[in-house]
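One chain comes next, on its own, written as structure tokens: the form predicted alone.
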């Protein structure tokens, strides 16, 4: 699924724009991270992509088709979203029931439903928990179940809306590993909305948002190495990049190359 914003602006009931003349393209099959500090407009972008909000000006295109009130429901069927709070996403009494919920709503035949449940619970390493009560799972496990539920719907696009912001470090690591796996194996358009700089490592492209505007975009290595920009918008870079910058000052090129390799193979 290709997603394109053309000069999109949006404001709530206030007098100032939350999103200001925003233009970008997310290409089919790519993973794009949208990062920025709290209040920068990231979640508003999510709602605009999903058609939950309508731009005050500008246009949004999905697969080169202008999004309208008439076609947004059909477009939204090809999108899945993982929210911040894993506890708010469960509707079933077991993991199996929860993954099955969306499939039942689509009236998927029973045998096919079980095949999809097994396929995608295995993909996110939750197949051993199918009969478990969600209350007994960790935050990271709950988010992986939510991911399995979206994957089972076989949508073209998955949006992670601050999906690790309420998790402990172990849960964050679990979801980051799942993101890395999805990029390699799931052939989806993936959008990660986050303020956690480590989550951009597996992305194809990164958009840095501040005050409703794009202040930088590029490959992860370009964004991570721009420490001055990240500090300006209130974000930090990862420790290995700080070390690389220190080594650059002393011209240790061979060590720097190895550190970049290690950083993107985490």
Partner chain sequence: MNKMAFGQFYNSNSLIHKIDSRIKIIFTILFMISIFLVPTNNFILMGSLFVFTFFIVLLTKVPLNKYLKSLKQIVFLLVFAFSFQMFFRNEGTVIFSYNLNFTWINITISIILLILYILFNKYLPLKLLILVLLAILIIYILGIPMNANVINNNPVVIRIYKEGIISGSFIILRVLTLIIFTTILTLTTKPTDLNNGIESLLSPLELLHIKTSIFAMMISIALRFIPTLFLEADKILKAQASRGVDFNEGSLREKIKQIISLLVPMFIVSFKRADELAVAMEARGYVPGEKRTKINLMKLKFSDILWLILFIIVLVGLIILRVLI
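Quick caveat, the model's predicted, so the values are computed rather than measured. Rigid core here is just the name for the largest C-alpha set that superposes within 1.5 Å across the two forms. Residue numbers count along the first chain shown, from 1.
What comes next is about the form predicted together with its partner chain, which does not appear here.
Enquirer: Is residue 89 close to its partner chain in the model of the complex, meaning a heavy atom pair under 4.5 Å apart or at it?
Expert: Yes, residue 89 is a contact residue.
Enquirer: Should residue 139 be classed as touching its partner chain in the model of the complex when contacts are defined as heavy atoms within 4.5 Å?
Expert: Residue 139: no contact with its partner chain in the model of the complex.
Enquirer: Going by a heavy atom distance of 4.5 Å, is residue 181 a contact of its partner chain in the model of the complex?
Expert: Judged by the heavy-atom cut-off of 4.5 Å, residue 181 is well away from its partner chain in the model of the complex.
Enquirer: Answer for residue 108 alone: is it within 4.5 Å of its partner chain in the model of the complex, judged on heavy atom distances?
Expert: Residue-level check for residue 108: yes, a contact with its partner chain.
Enquirer: Is its partner chain in the model of the complex near all of 5, 10 and 17, within 4.5 Å of a heavy atom of each?
Expert: Zero of three within 4.5 Å in the model of the complex.
Enquirer: Exactly one stretch in 167-175, 147-155, 122-130, 191-199 has heavy atoms within 4.5 Å of its partner chain in the model of the complex; which is it?
Expert: This holds for exactly one stretch, 147-155.
Enquirer: Note that its partner chain is not shown here; using its position in the model of the complex, name the residues of 193-208 with a heavy atom within 4.5 Å of it, in sequence order.
Expert: Going through 193-208 in order - heavy atoms within 4.5 Å of its partner chain in the model of the complex - there are no hits.
Enquirer: Superposing on the rigid core, is the CA of residue 159 displaced by 2 Å or more between the shown form and the other one?
Expert: Moves: no, less than 2 Å.
Enquirer: Would you say residue 78 moves its Cα by 2 Å or more between the shown form and the other one, aligning on the core?
Expert: Stays below the 2 Å threshold, so no.
Enquirer: Establish whether a shift of 2 Å or more occurs at the C-alpha of residue 143 between the shown form and the other one, with the two forms superposed on the rigid core.
Expert: The answer is yes; the displacement is at least 2 Å.
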